[in-house]
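The chain below stands alone and is given as C-alpha cells, in the form predicted on its own.
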C-alpha cells in the first residue's frame, strides 16, 4: 500500500518528480518502523524523533498525528516487515510531501562482518551536538553512508563501521553498534553526533527493567578489537551478532541471546499495553 500526502495511490503512481528538492538535493527526512504481528514497535518514539528531525531541518506544518494514523492503518495489514515514511521538500521550497509505504522483512546473512572506515562527512565530535542545529537529524541524504557500504562489500565485508578522524567508533551506515565486555553491555554515547537510535534507547530501557548491566560509553577502533562480542542495533537489526571487524574475529557471548530474547519480550509487552 502506498500513500502520498494521505491519499492512496498505486505502485505505478508512487513517484517523486525529479524537480523535487528531495530528489534533486536530498532535502528530506525519514523514519523506518518495524512491524510485529501488525503492531508498530516504538511508534511514539519514532514519531517524536521524526518531529525533532523536522524541526531541525525546517519542515513546518507537518501533521504528525495523521502520519501516525496512516502508519498504523497500513501496518495492521501485515504480520511483519517495516513501515517507511519520508517527508521531502517539494519543487517549491516552502512546501513538502509525505510518502508512506510498506517494505517486506529484510533477511540478513548468517555471517555479518564490518570493515572500519573513516567518515569524513560526519561531525564525529568536532562540534557540540547542541552547537549545530541539524546534528542528529534523520536526513534522507545517505549517499556517503551507502557508498561506504558498497566499499566494504567490494572488500568482502557485509557492511562498514564508521569512525571519526581520531578513530573512535561512531555507527554503521544504517545501524547503531553495541558491544559486550566482561558480561557488561555497552552502547555508544550520543555526544559525537550519532543518530539517537530508537533500538539503542529501547535496549537501555530493557536493561533497566531486566537488571542487565549496561553502560553508555564510547570506544576506539583499537579497543573494540579486544571486546568479547559486537552487535548491530536498528529497526531491522535487534542485536545481530557481528562475526568480524577488519581482521578481528569474535565469538558470540551467551549474553547476546539474552538481549535478543529480551527484545522479543519487551516488544510483546508494549504491544499488549497498546491494544
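Positions refer to the first chain, counted from 1. Note that the structure is a prediction, hence the values are computed from the model and not measured.
The next section is about a form of this same protein that is not shown, the form predicted together with a small molecule.
J.: Which of 149, 113, 117, 174 has a heavy atom within 4.5 Å of the small molecule in the predicted complex?
T.: The residue from 149, 113, 117, 174 that makes the contact is 174.
J.: Which residue among 164, 197, 160, 96 has a heavy atom within 4.5 angstroms of the small molecule in the predicted complex?
T.: Residue within 4.5 Å of the partner: 197.
J.: Pick the stretch from 214 to 222, 52 to 60, 228 to 236, 246 to 254 whose residues have a heavy atom within 4.5 Å of the small molecule in the predicted complex.
T.: Residues of 228 to 236 come within 4.5 Å of the partner.
J.: If we define contact as a non-hydrogen atom of the residue within 4.5 angstroms of the partner, is residue 138 a contact of the small molecule in the predicted complex?
T.: Close contact exists here: in the predicted complex, residue 138 approaches the small molecule to within 4.5 Å, heavy atoms only.
J.: Verify the contact flag for residue 108: yes if a non-hydrogen atom of it lies within 4.5 Å of a non-hydrogen atom of the small molecule in the predicted complex, no if not.
T.: Residue-level check for residue 108: no, no contact with the small molecule.
J.: Verify the contact flag for residue 91: yes if a non-hydrogen atom of it lies within 4.5 Å of a non-hydrogen atom of the small molecule in the predicted complex, no if not.
T.: No - in the predicted complex, heavy atoms of residue 91 and the small molecule never come within 4.5 Å of each other.
J.: Is residue 184 one of the residues lying within 4.5 Å of the small molecule in the predicted complex, judged by heavy atom distances?
T.: Heavy-atom contact with the small molecule at 4.5 Å: absent for residue 184.
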